[in-house]
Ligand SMILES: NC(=O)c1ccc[n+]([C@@H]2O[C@H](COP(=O)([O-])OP(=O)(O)OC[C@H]3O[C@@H](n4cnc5c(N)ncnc54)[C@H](OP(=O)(O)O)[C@@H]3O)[C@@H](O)[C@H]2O)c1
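Consider the single chain below, provided in structure tokens and representing the form predicted on its own.
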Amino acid sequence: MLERFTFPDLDSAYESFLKHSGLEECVILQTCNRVELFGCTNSADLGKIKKTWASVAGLEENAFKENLEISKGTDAYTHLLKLTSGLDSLVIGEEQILSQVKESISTAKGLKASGDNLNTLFDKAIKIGTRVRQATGISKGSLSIGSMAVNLAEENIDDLKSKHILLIGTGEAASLVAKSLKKREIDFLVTSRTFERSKAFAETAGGTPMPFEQATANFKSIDVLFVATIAPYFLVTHDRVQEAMQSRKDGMLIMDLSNPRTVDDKVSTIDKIKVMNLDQIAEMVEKNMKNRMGLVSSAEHIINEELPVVEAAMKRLEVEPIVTNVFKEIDQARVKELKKALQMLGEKDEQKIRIIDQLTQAIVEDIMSIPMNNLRKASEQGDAEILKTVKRLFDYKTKE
């Protein structure tokens, strides 16, 4: 389901959303557990957003009917804070989501898809998420799906280091398995449907690349098999495994981390084969969560403390264009009148001109700083009436 909603070409997706959805800013976050779009606009048109998403991902618009979750304003801020703090992940406190959020905003900035609003929101969310993790220790000793799978393998296989291990997949879940194996200094083979992808994966995540057909044909020499792909069909079939087992005496452990499963359920009926999947890992996740519930409460407390600060910062952004515009117009008037006065005085002395210029600047700042700061405070407190009044007073037009 997630794969259907995923954007295969991020550059093209950003271009389409900014061009057709009515969003003025956007950030795309997609991982093996989520596909999310953060957007900013004066007038949200959900129909346009869904139509653009459907067009980019190659979906029918009715695909969103039961699969779209929408958060606005404070709810959206809270969601992002929980994400960066590790509270909205399968494994509580896992660290990968924080780096994924950082990567998402970095990509959006690079493509000029995000602006002041989303840059401010993501910057604060990343800082708060980091603070939550440091203050609560919620990430300390936390396990990724990959490390949990390797832990289970170690519990079920004696001396894992001495075994022949194959990893099928080169995506996010596979990288977590590779990272965990590499950390334990365990050698492994890695393969995927294209050998080039396997080689690229091995260069960054570790392992020895092997062509897919060669790897699957050599199941008879594999002791532990990790399968972590998004293939919509069985990669590990009953016939292939049964054939491999005919020429070996010992058993094989198969860890299926794919969703949907890519190991045929019938494989578990073969003698000396043990298959473990996400259900077993979910049990470990549940234990992990129970152990961390006290830390979750502490994390939520910090988020609740920081949320008003985030809200104030976002509301203040609404008034900054007005403040900037007012100061700009007043300064233009100041410079215009200063030139007139200097011409009337016939003043040519550079030092005196600089002193007079600084004097006029100081007078303008003294007069305007208090009302503008009060305007900022009013915006932080959500006082929409003062904003409307100031817009009328200074004839400020919001950009459409």
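We call the rigid core the largest set of C-alpha positions that still match within 1.5 Å between the two forms. Start at 1 with the first residue shown and count on from there. Just so it is clear, the model here is predicted, and its values are computed rather than measured.
Although it is not shown, the form predicted in complex with this ligand is what the next lines describe.
Item to check | Proximity to this ligand in the predicted complex (heavy atom, within 4.5 Å), stretch among 244-252, 193-201, 69-77, 177-185 | outcome: Careful reading of the contacts points to 193-201.
Next on the checklist: Please determine whether residue 231 contacts this ligand in the predicted complex, using a 4.5 Å cut-off between heavy atoms.
Outcome noted: Judged by the heavy-atom cut-off of 4.5 Å, residue 231 is in contact with this ligand in the predicted complex.
Next on the checklist: residue 306 versus this ligand, in the predicted complex: is there a non-hydrogen atom within 4.5 Å?
Outcome noted: The answer is no: residue 306 has no heavy atom within 4.5 Å of this ligand.
Next on the checklist: Residue-level question: is residue 173 within 4.5 Å of this ligand in the predicted complex, judged on heavy atoms?
Outcome noted: Result yes; residue 173 sits at the interface with this ligand in the predicted complex.
Item to check | Proximity of residue 207 to this ligand in the predicted complex, heavy atoms at 4.5 Å | outcome: No, no contact at 4.5 Å.
Next on the checklist: Let me test this: is every residue among 96, 145 and 212 within 4.5 Å of this ligand in the predicted complex, going by heavy atom positions?
Outcome noted: Checking in the predicted complex: 96, 145 and 212 are all within 4.5 Å of this ligand.
Checklist entry - Between the options 299, 225, 257, 125, which residue brings a heavy atom to within 4.5 Å of this ligand in the predicted complex? => result The residue from 299, 225, 257, 125 that makes the contact is 257.
Item to check | Partner-contacting position among 108, 153, 235, 323 - heavy atom within 4.5 Å of this ligand in the predicted complex | outcome: By the 4.5 Å criterion, the partner-contacting residue is 235.
Next on the checklist: With a threshold of 2 Å on the C-alpha, tell me if residue 79 counts as moved between the shown form and the other one once the core is superposed.
Outcome noted: Shift at residue 79: below 2 Å after core fit.
Next on the checklist: Aligned on the rigid core, do the two forms place the Cα of residue 327 2 Å or more apart, comparing between the shown form and the other one?
Outcome noted: Shift of 2 Å or more: no.
Checklist entry - Under a superposition restricted to the rigid core, does residue 232 display a Cα displacement of 2 angstroms or more between the shown form and the other one? => result Yes, the C-alpha position differs by at least 2 Å between the shown form and the other one.
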